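In structure tokens, one chain follows: the form predicted alone.
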Amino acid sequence: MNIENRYVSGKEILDWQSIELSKGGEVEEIEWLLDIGGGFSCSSFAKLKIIQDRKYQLKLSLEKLSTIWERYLYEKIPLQYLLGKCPWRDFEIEVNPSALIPRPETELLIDIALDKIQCSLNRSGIWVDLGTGSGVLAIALARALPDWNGHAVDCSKDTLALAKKNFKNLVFDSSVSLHLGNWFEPLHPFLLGKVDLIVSNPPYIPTSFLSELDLLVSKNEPRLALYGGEDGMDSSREIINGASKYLSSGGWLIFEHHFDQSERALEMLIKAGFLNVNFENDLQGVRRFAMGRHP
């Protein structure tokens, strides 16, 4: 089998897949690698067994994909970091170990946010993304709300550099400012009482769960983006308390939280004076997002 050539037959791909899976891993993972790394779409797999002699051009050779697969299996490095990219919603972003790998369930946060501000879509407004990481939430909002002014905040200089790079590649002529600092600090005082939407996927892993994290996560992803304090809600408290000062009347706060934090998150929102306090489930039907509207 000629695995150095990027032009390979369907049979060569199937043989390669069988050999690599014998080393470990799951079918879905190796198909993801072939799709994102090799440019061989998952939808094409169904045709392989029928038309095995057809030639396909891969973005990376099977030899290089094998090296990536082995590093994933044996060195426990996420495929996203090894490839340096990750698809999310309708775009593909650059990723590196300075930022959390964006999860599919976080895509729902954007859908929730756009639903909550439906009545405001035809006018300009201001949104804020706290703890922007790679910039996925901010990029999605910038693309969906081109007439709005956006502000993305992160406390890591390296992470913010990554977000800026992703913005440059994916968003053109946007009114988005990126700020280095902790939560609301870079926004003070010029956005007090002016923000229509605040979104965040803050660190929310409690101390007791850190030892239970998958090695792929705990070994590679930044602790700063994971650890949320003893009960996992240190960042959520700061965000809720600050949001009540920066949101305009009727503005929304929506944030992601740990699977067991929903009741406490809703209680904190109510205590802070938010209205229409509610939750939404993630893709597995687990309470994952808390939200409230400023009076």
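This is a predicted model, so every value here is computed, not measured. Residue numbers run from 1 along the displayed sequence.
Keep in mind the form predicted together with a small molecule is missing from the figure; the text below concerns it.
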Quiz item: Does the small molecule come within 4.5 Å of a heavy atom in each of T106, P203 and A225 in the predicted complex?
Solution: yes
Quiz prompt | Which of 211-219, 160-168, 75-83, 131-139 lines the interface with the small molecule in the predicted complex (heavy atom within 4.5 Å) | solution = 131-139
Practice problem: Could you confirm whether G125 comes within 4.5 Å of the small molecule in the predicted complex, counting heavy atoms only? | Solution: no
Self-check item: Contact label in the predicted complex: P186 to the small molecule, heavy atom within 4.5 Å
Solution: no
Quiz item: Would L100 sit within 4.5 Å of the small molecule in the predicted complex, counting heavy atoms only?
Solution: yes
